[in-house]
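One chain comes next, on its own, written as structure tokens: the form predicted alone.
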């Protein structure tokens, strides 16, 4: 097969070019000599330092996945029903087991554990997110029988119970996005703070002066306090209670308000605007169909009109897909 022979002093430059141009054949190993290296390539290209030759390359061994292993254990028909997408929270893996494979869930869990050495516990989703706390039932199916885990993100360690509180690893990128916007000496309010992932990430990675979190779920609030101690954080204050009751008692205003409620954050827009200083930034989350994105701004406009305040949109981002055609979105806006 086709090979690109190049001296070692030009090898790194050529390799980067091949990867960027998608010309490197990743299924085969490069051949290395004392003074040269031969890269397996998909086609020839122009480079004065490269000589094209025919060579025999050894094929790379692809690491066998847990789905590959399960083909033998479950059979072809059942293995095609397997849902391989999963969440990893620390050393806990959360799988989705189709109803047709429930009787074989122990085999699936054990195979996953054997193929993922960093995973100690396998759970399966046993229901949807429900109730005021938006919690989700989990069933233990393999490994250590626990629903507690320590999750590392953006320089912090977070103790989480995956069943007793709402927590999404997929929002780690979103927490980082907002973190990068926080300026020196800001006062930040996090509504619906859960086990305090937003307050902890903001505290450890910014120069915010004061961060306040409000969470209605007592268990999540308890874990939030633990996480403040775990990360040696002193500029965060957490309150346990209903946002609508706690906000009026704060007697202060904020430079930034974050509203990461899993569902129904528009019911608290009035509260967020009321407690925001002039020129404050609010991060408003919503769940909308891709054909309804304009509704997000309409909700903000209505709330600002009620408060007799004006606003400007700073950014609109999709933060994840909730279901086919439906997305979690965030509207960043400034209030005046």
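For clarity, every value in this text was computed on a predicted model and none was experimentally measured. Positions refer to the first chain, counted from 1.
Just so it is clear, the following notes concern the form predicted in complex with a small molecule, a form of the same protein that is not shown.
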key: Proximity of residue 167 to the small molecule in the predicted bound form, heavy atoms at 4.5 Å   = yes
ask   = Using 4.5 Å between non-hydrogen atoms, is residue 107 touching the small molecule in the predicted bound form?
value = no
key: Close approach of residue 242 to the small molecule in the predicted bound form, 4.5 Å, heavy atom   = yes
query = Using heavy atoms and a 4.5 Å limit, would one call residue 66 a contact residue for the small molecule in the predicted bound form?
reply = no
message = For the interface check, one of 178-186, 212-220, 144-152, 73-81 should have non-hydrogen atoms within 4.5 Å of the small molecule in the predicted bound form; which one?
response = 212-220
request  = Counting non-hydrogen atoms within 4.5 angstroms of the small molecule in the predicted bound form, say which of 156, 171, 208, 95 makes the cut.
outcome  = 171
message = I need to confirm a contact call. Of 192, 254, 202, 112, which residue comes within 4.5 Å of the small molecule in the predicted bound form, counting heavy atoms only?
response = 192
